[in-house]
Every structure is written in structure tokens, then in C-alpha cells.
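The chain that follows stands alone, in the form predicted alone, written as C-alpha cells.
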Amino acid sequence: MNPAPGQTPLLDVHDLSVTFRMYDKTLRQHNLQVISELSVTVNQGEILAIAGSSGSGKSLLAHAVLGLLPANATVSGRMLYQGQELTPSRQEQLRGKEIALTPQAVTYLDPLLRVGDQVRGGNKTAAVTAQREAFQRYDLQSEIEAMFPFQLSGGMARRVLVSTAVLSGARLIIADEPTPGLGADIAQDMMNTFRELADSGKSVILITHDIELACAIADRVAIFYGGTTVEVAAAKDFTAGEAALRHPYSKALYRALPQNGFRPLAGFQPYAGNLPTGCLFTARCGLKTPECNKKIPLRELRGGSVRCVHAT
């Protein structure tokens, strides 16, 4: 889903890099680059699913957008929200209001505040009905609103976090792995909620390992590998078949799905402290040539974008 001509993306992340200042065993400082030249855009009314293995930079992107990275992180590149730079002060201003996060860790709930009060936020009177409707939709019993977070199961806490994001009124919701621990019916209902929000004009970044679930509701899918974007394509390309995809890693993910033969890919994603020069996928790629050792830009191809010199 591309923006209409002249329309500014709601969120535009371009060439984002994140480096952490670390100490080694001898207490000497060094820099660990965990995200490099990562680019994505999210348009109004769109669901962008972000998929990739653990350590590919999915959650770090969410924290960078919201300004939640720790103090030892250095961020470079460009992040624009509604065409304006996301400075630390603007991130603080927008966080929880314009941009809401459904975090991966359920420990984000305030342990000293009752669940209902957290979901309703500052709008305690007007939001009571909406909070109870959301709880009913996600199969949360009415007595849960008076409970504290430590009294919830993991699945219940995750449904409370999604309820909080939905009721926040945010224009951009970043949902970081919202479905683990949920039954199939509740997970599907949650996906339907995100689709309804997008259809009403809001935007959703859905971070997930479940490509099949993401493709069922997303407009586009971004594939991350080793802390960078390797492909962004329409969700329908991931259901059309391997030939519709562009990057060798995206094709490998497709082949690894149970319905596509469940063929795993040998090898591992490179460690952040030991990234190769050039293409990060080179060590696992059957198409590698000396040209892959050079810097590989993200380029437009067949209505999507890809970071591979061999993609056609």
C-alpha cells in the first residue's frame, strides 16, 4: 500500500543505525552496532508487518521510534512522523498519545496500579464503557479490572496491553509480538481489531514471527535480517509464491513455512559484533558472488524494495 501522490507517510524511517556503547571483559569500551541502514515507511490506514528472526532489530526499531532506547545507545539516520523529525522532546510528547506501544514484555504494566485504571488512563469516566467492551471482546472477565498485574496470567496481561493501546486513541500503534500465549480465537480477534483500526484510518506496525498470521491482515511486509531491511513487499507477494518474492532470505522464510515444505535454512544470522561487510546474508546465500561483499543499497523492484544485487 503506497501513499497517495503527494501524501506524506505517517512514519518514515530512513537509514536508521543504532550503536550501543559496551564494556568488554577487560572493562574497555567498544561500540556494538545492532541496527544498520534500516528503512521502513508506514502510511496512514496501513498495517506494516515486520518479520525476521530474533535479533534482527524488530523490537529495537520500536524502541528507537518511541525514544525508549537506553542511555548508552547512539542513534543516527532519519525518523520523521507526519513529515517532522522525531526529536527526543517530540517523542516524549507523542508517546502514549499519538504513538502507542503494545510491548513484547508484559512486565510493562505498572505493578502498583489496578488493571482497569491503567487501561483507562487519564480518561477515567468516559473510558469505562470502552474499557469494559474491550475486556469483553478479549475474553477478560469483568472482575479483572480491579486486579493488579501480578494477579494476571501472561495471556491475560497481553490482552490488557492490547486493550490499553486500542483505547489510547493513538494514530500509530506498534504491536510487538502481541499474540504469544493467546488461544487461536483470541489471537485472530486481536488481528481483526488491528485491521479495523487500519480501515478506520489509523496505522499499525505489527512485529511478529508469524508470517502466515501477518499476511492475513497486513498490507505490506518488511523482512529484517541482521539489523537491517532486506525486503519490503506487498503482503500478497508472500502468499503468491516464492517467485513473487525478491530477496533470497525472504524466499527461504517462505520455504520454511509448514505449508510450503518446512525446509529450514542452514546456518545462523550473523552476530551484531561480527557482521560481514557487504550483504549480511552472504554466508547463507547460494547466489553469492564477489559483488556481494560491497555495500548493497535498498532499491526499488517490482513494486517493492530489496537489498540484493541478484534480485530480479
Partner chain sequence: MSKNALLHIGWTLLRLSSLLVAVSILAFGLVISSPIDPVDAYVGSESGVSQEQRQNVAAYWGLDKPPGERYFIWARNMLAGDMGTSITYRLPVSQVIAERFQTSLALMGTAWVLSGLLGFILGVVAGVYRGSVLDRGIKTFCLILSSTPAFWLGLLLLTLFAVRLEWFPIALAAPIGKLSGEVTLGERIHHLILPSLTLSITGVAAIALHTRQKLIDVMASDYMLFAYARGEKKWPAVRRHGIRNIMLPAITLQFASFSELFGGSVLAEQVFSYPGLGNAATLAGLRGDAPLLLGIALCSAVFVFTGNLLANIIYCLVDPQIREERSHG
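In this text, all values refer to a predicted model and were calculated from it rather than measured experimentally. Positions refer to the first chain, counted from 1.
There is another form of the same protein, the form predicted in complex with the partner chain; it is not shown, and what comes next is about it.
In the model of the complex, the partner chain lies within 4.5 Å of some heavy atom of residue 97.
Put simply, residue 112 is close to the partner chain in the model of the complex: some heavy atom of it is within 4.5 Å.
Among residues of the shown chain, residue 101 is one whose heavy atoms approach the partner chain to within 4.5 Å in the model of the complex. The closest heavy atom approach of residue 68 to the partner chain in the model of the complex falls within 4.5 Å. Proximity to the partner chain in the model of the complex, taken as heavy atoms within 4.5 Å, picks out 59-67 from the listed stretches 59-67, 263-271, 45-53, 249-257. Only one of the listed residues (92, 196, 139, 242) places a non-hydrogen atom within 4.5 angstroms of the partner chain in the model of the complex, and that residue is 92. Residue 119 is the only one of 119, 221, 190, 175 with a heavy atom lying within 4.5 Å of the partner chain in the model of the complex.
The putative spot formed by 131, 153 and 156 is not touched by the partner chain in the model of the complex; no residue has a non-hydrogen atom within 4.5 angstroms of it.
Residues are counted as partner-facing when one of their heavy atoms sits within 4.5 Å of the partner chain in the model of the complex; in 148-166 these are 148, 150, 151, 161, 164, in sequence order.
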